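Only one chain is included here, represented as structure tokens and corresponding to the form predicted on its own.
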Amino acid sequence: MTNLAEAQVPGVDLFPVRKPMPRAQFDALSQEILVLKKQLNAVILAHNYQVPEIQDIADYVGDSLGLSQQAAGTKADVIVFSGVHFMAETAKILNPNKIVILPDKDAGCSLEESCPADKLAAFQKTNPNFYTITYINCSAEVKALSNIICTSGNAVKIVEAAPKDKDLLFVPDENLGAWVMEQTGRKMTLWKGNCYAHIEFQRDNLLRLRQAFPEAKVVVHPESLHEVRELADAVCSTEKMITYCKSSPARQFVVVTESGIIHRMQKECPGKQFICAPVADALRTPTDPCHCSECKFMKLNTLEKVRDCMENLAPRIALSPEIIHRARLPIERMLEISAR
């Protein structure tokens, strides 16, 4: 097995350069958060891409499907959602009478931005036979226009369950949609949206890693480009990436998704090595040499902001009763099919 410490791959950084929070600072903030959590009867949900210290204090860490399932079943009065805005909105839709707070109000998503509700509504009118399958990375208003929601973890299952007499419209991620078509053989009209953090992965850089680490398995998120996905040993959601790495006898893995997931992988797969896939060479600069992929929106959340949002019960997610009602139906359809 190639030793990561000795490996030299031109133009490639093998690990994220983010430094961990000093232990004393982490302990102090964690204690404050634990006190607030008890006072508020709160639950802390964190996405796999959150910074390590947030993952370490969360009650649940997972992908969009798992987080939706946790939000749907929580008994907490306050949901602290350490992720991005559309995720916190989903929790509010499923819990209209609970307080849902987001550490940073500006934690958005390029996929959500790529599909404004008014443009989707106008396009839907061009074909009355459209059945709209919407990736969960979208606004509450877009969810309200959808027939059913999906995540990267259940998209294939959702598409396979879609009515056969309908013309499928898949929004907003064209790369995930293309991968689902490859898996199901079901033709769909694809919205032209993408995740900026995933389309930065390049085939040439991944080929260099394959050459440097021939024994490593390559796991790729389906939001990546086709030319990258075709090099994968496994294409799957973040949660299924972790399951794959746990069950695989391989000891090395090249991980093609946002680098925040490495923290959880290292915790849950001791003794295995994880190599961050590099993004485009053009993104490397002398002042910012990290060559791994980070979502600028996910990384807006910090442990200090988690503490602050719990102290202030803000930023708070607020949605109209009408949007909550309309958006809840397609989410519940997704959860029902996922549970089968």
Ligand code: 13P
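For every residue, the number given is its place in the sequence shown, counted from 1. Quick caveat: nothing in here was measured; it's all calculated off a predicted structure.
One more form of this protein exists, namely the form predicted in complex with the ligand; it is left out here, but the text below deals with it.
Among heavy atoms of E53, none comes within 4.5 Å of the ligand in the predicted complex. The ligand is not drawn, but in the predicted complex it has no heavy atom within 4.5 Å of L45.
The closest non-hydrogen atom of S152 lies within 4.5 Å of the ligand in the predicted complex.
Within 4.5 Å of any heavy atom of the ligand in the predicted complex lies no heavy atom of V142.
Scanning T132, S237, N175, N205 against the ligand in the predicted complex with a 4.5 Å heavy atom cut-off leaves one residue, S237.
Checking V171, V100, M87, A71 against the ligand in the predicted complex, a heavy atom within 4.5 Å turns up for just one residue: M87. Remark: none of the three candidate residues (K37, F81 and N301) comes within 4.5 Å of the ligand in the predicted complex, counting heavy atoms only. Judged by heavy atoms within 4.5 Å of the ligand in the predicted complex, the contact stretch among the candidates 132 to 140, 210 to 218, 177 to 185, 119 to 127 is 132 to 140.
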